[in-house]
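Have a look below at one chain only, the form predicted on its own, in structure tokens format.
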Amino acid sequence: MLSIFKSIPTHMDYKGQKLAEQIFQGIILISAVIGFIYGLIIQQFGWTVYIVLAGFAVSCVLTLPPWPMYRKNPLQWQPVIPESSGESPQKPQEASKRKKHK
């Protein structure tokens, strides 16, 4: 049963995150404007809230799951460099500090 959950992708690349954020904000903004205008016309603030909540629900369904459209640009990681057995690994920051003091 748990193997089914492990097969579901859970990642989203950086461009996908940006797209999801833009879609989320756009839907919220559009639903808020529509809700405000509709509520103003019929003089019912409750309908404004309902329309904004419906926009929120739609935007959550479209942006929270990692849909394939959000995973088109995977991050290419650098290959692992094996450590040599005789030397202790030195951080790049420490090496630059030593060069500055000489």
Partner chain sequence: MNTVLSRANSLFAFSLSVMAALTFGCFVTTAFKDRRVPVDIHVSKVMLKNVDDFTGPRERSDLGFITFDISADLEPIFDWNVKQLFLYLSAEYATKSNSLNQVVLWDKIVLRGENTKLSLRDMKSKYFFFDDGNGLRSNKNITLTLSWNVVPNAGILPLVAGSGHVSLPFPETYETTKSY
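Just so you know, these numbers come straight off a predicted model, no measurement behind them. Numbering follows the first chain given and starts at 1.
One more form of this protein, predicted together with the partner chain, exists but is not displayed; see below.
With a 4.5 Å cutoff on heavy atoms, L75 does not count as touching the partner chain in the predicted complex; it lies far away. In the predicted complex, at least one heavy atom of T10 sits within 4.5 Å of a heavy atom of the partner chain. For the chain shown alone, E21 is a contact residue for the partner chain in the predicted complex, at least one non-hydrogen atom being within 4.5 angstroms. In the predicted complex, L29 approaches the partner chain with a heavy atom inside 4.5 Å.
Looking at 26-57, the residues that come within 4.5 Å of the partner chain in the predicted complex, counting any heavy atom, are I28, L29, A32, F36, G39, L40, Q43, Q44, F45, T48, V49, V52, F56.
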